[in-house]
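Just the one chain here, laid out as structure tokens, in the form predicted on its own.
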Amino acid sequence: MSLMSRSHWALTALALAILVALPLLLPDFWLSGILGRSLIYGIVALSITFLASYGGFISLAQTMLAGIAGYTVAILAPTAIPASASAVSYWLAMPLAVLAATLAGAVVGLIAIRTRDIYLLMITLALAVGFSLFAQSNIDWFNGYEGIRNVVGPDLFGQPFRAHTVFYYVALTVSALLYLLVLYVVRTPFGLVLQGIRDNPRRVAALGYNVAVHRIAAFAMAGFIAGCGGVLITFYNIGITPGSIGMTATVNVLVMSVIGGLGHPVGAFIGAVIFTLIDTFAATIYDRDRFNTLIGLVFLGIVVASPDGVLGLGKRLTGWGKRKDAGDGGTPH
């Protein structure tokens, strides 16, 4: 079983080589503030893309799952403010946080097992908003509106996690591994059945596959991906608050996925880079207070020009170029 064709492997290796070499070329601001931030939010967008592209589910609960991982690692963090009586080392807190997000993803799949389309959107949106409000009103566990601060992450090779180069390489490594994981899973029997469920669940059920179990497993895997992103986002923000997992954050991650394109996992990271650039330079480009207007115009323009995002637009332009070359080649001069 091959994950990608030789040309795709070559492109992926070239892209990774460039990304690995970037710390030698870019200043710290671009390294962690733009690229590192894009990668960690791209991971959460990747969980949406996985569900949408290969399962046919558009879930708005992925930011909530990232938030569950974020709050778990924050509650267990040894440096957290306010300190928790259940604090453990970061190396134990991180897998527990990802496990919590994975289990929560399975629960979301169990709740949404018989729904699709607009009803799935409504249920997952209700879950996301409900968790945000619960975190905001709960003082004992989540410290209410103020959230949990000073979650700085562990030291790696004697360097603090939030050192620009360390953070960037960790974000890049986790992103690349999760990207390859998605490409691998969708080619396994589980992934092929999942795509069959997306196209015709009744036919897949008639073949003897348990559609419900496959859907729950898909949501659990998406929860695992979102949980990895949630832990890194919490370290990046040095903490977590209800506002970071609220309605705005939920919509932002969905916008990243749609802008990049839901047809392939790499679209999540492309969309995250575009969104981060606009978010960072909105004040220079237009007006910081009009950021939502600016991102809305970009979103509208991309969706109108290409319903499958920048990735689909690139594919069409490339295909158009190839057809044009083929046409020119066949036209007598």
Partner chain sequence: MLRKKLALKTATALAAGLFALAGIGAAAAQDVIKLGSITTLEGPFATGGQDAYRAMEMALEEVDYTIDGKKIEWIRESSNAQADVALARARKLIEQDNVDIIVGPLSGAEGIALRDYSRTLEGKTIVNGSSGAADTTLRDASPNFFRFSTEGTQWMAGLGNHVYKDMNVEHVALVAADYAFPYAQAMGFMLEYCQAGGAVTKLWSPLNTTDFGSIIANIPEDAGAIVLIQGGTDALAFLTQYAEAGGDLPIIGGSITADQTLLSARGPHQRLMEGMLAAGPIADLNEDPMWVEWVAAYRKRFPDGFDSPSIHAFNYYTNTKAVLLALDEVDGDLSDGQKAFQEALAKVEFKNPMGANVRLDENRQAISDIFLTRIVNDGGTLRTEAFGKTEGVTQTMGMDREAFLALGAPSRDNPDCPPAN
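Numbering follows the first chain given and starts at 1. All figures in this text were calculated on a predicted structure; none of them were measured in a lab.
The form predicted in complex with the partner chain exists for this protein as well; it is not shown, and the discussion that follows is about that form.
Asks: Just to confirm the contact call: exactly one of 147 to 155, 254 to 262, 208 to 216, 195 to 203 touches the partner chain in the predicted complex at a 4.5 Å heavy atom cutoff, so which is it?
Replies: Residues of 147 to 155 come within 4.5 Å of the partner.
Asks: Report the residue, out of 92, 139, 177, 99, that has at least one non-hydrogen atom within 4.5 angstroms of the partner chain in the predicted complex.
Replies: Spelling it out, the residue with a heavy atom inside the cut-off is 139.
Asks: Does residue 293 reach the partner chain in the predicted complex if we count a contact as any heavy atom within 4.5 Å?
Replies: Because no heavy atom of residue 293 falls inside 4.5 Å of the partner chain in the predicted complex, the answer is no.
Asks: Residue 241 near the partner chain in the predicted complex, any heavy atom under 4.5 Å?
Replies: Contact check for residue 241: yes, within 4.5 Å of the partner chain in the predicted complex.
Asks: Is there any non-hydrogen atom of residue 162 lying within 4.5 Å of the partner chain in the predicted complex?
Replies: Answer yes; at least one heavy atom of residue 162 falls within 4.5 Å of the partner chain in the predicted complex.
Asks: Hey, in the predicted complex, is residue 170 touching the partner chain, heavy atoms inside 4.5 Å?
Replies: No, residue 170 sits far enough from the partner chain in the predicted complex that none of its heavy atoms falls within 4.5 Å.
Asks: Tell me whether 27, 279 and 283, taken together, all sit within 4.5 Å of the partner chain in the predicted complex, counting heavy atoms only.
Replies: Answer is yes for this spot.
Asks: Heavy atom within 4.5 Å of the partner chain in the predicted complex: which residues of 74 to 111 qualify?
Replies: Contacts from 74 to 111: just 81.
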